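Form predicted on its own, single chain, as structure tokens, below.
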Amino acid sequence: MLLLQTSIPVPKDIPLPFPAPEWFLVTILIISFLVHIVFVNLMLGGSLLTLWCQIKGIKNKEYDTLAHEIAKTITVNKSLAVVMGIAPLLTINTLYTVFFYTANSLTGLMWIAIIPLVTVAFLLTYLHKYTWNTFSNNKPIHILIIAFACIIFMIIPLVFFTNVNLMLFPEKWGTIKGFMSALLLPNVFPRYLHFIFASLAVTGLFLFWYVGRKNYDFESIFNQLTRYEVKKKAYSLVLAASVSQFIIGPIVLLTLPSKGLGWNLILVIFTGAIISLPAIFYMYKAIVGKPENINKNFKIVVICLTITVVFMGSGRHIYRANTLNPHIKMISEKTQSFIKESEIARQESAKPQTAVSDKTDSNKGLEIFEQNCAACHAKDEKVVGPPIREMQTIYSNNPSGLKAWIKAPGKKREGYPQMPAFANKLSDSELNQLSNYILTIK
């Protein structure tokens, strides 16, 4: 804990109670996020599948028709993804306020850009959906519209995964210089790839159900493709994506920093993976089996994969808890210390003042230090810059040297950011008072 504390700045939290028990908020977070991510999967997977079918439909009109049928579902799933995303966003903000907002601020512009990106992507999907007949004789333009929507839909979760990954590692915050450096942290791309294949698997399963409904008049829509052929292709997509997860999943685990790994996480992840095996087996049997058996065991497939998703979502939270609990404890201690010091300060200020004379140089030095230096320097530990004890060791009996450094600092330590110059902010007298104060702190 001491090593962790000396390597990162420890902020204080907002001392407000949770609006509900923590276990309840965690439950809401896990469940609501899983519901949200399913519709995000359908939105992205549906867009990618529409693009693929429409390109294939240039030579085979039946696939263009299939692309149209899938495209009809994208805007609906998109709207549900947005609505279902409110609950997890609010709960993660409530449970992990300091961590989530810090990650957002460090990635800055890209996080804010999610709003216009989502707006543009949604407009493109509506434009694509309602201009199908308009561009019937100009398919390249129509395909380009859904292609741009797909690109944006793929960028948005990448930004989200980058932020969520960054919030787990406060010890990395001091090294982050915008979105691109956060993007290159370990585990971002493996998790993103895992999400892409999950989107294809969920969309394939959805398509199998969608075209298989009794009230879906398949035969009046398609002339050559059969219901069995589309179901078989949908199952093949689910199977391929699910098997790929057995390759990507271990890569995700191996790229996770070890500080959040534990037997509880390993047990949950491997249990979820094992539960998916019957689904993979039944899908394979349906694909290679007789056409009349394509629907057999579909419910078992859905149940097994749903349970797997729940286990994977729970594993995500377990890793987050394992990773952030030490930091949460440190922040809690800092917050309690801040509350105690604030109370003492209020009590002192309430006492009658006996002195009305001007402040001494020491008091002025303290005031200057608190206004300009306290955010980055502590007495005995590294915050953003080096501790005061280190300054006293270097500049003992040399206040003019310390003054010169404060006035125009350079950079000589790896792992420390460049200190701003105070030549134009503090007067010569104030620099003297500040230097003398730093060297006299006991």
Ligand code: HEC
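We number the residues from 1 along the sequence you see. Think of the rigid core as the biggest set of C-alphas that the two forms share within 1.5 Å after superposition. Every value quoted in this text rests on a predicted model; they were computed, and no experiment measured them.
Same protein, other form: the form predicted in complex with ligand HEC, not shown, and the subject of what follows.
Although the partner is absent here, residue 408 lies well away from ligand HEC in the predicted bound form, with no heavy atom inside 4.5 Å.
Interface membership of residue 378, defined by any non-hydrogen atom within 4.5 Å of ligand HEC in the predicted bound form, is ruled out. Under a 4.5 angstroms non-hydrogen atom cutoff, ligand HEC in the predicted bound form has residue 395 among its neighbouring residues. Proximity of residue 412 to ligand HEC in the predicted bound form falls within the 4.5 Å heavy atom cutoff. Residues of just one listed stretch (45-53, 63-71, 397-405, 23-31) have heavy atoms within 4.5 Å of ligand HEC in the predicted bound form: 397-405. Comment: ligand HEC is not present in this chain, but in the predicted bound form one of 94, 163, 372, 322 has a heavy atom within 4.5 Å of it, namely 372.
Contacts between stretch 424-442 and ligand HEC, counted in the predicted bound form as any heavy atom lying within 4.5 Å, involve 426, 434, 438, listed in sequence order. Fitting the two forms on the rigid core leaves the C-alpha of residue 431 displaced by at least 2 angstroms between the shown form and the other one. Core-superposed comparison between the shown form and the other one: CA of residue 206 displaced by less than 2 Å. With the core held fixed, the Cα of residue 111 is displaced between the shown form and the other one by less than 2 Å.
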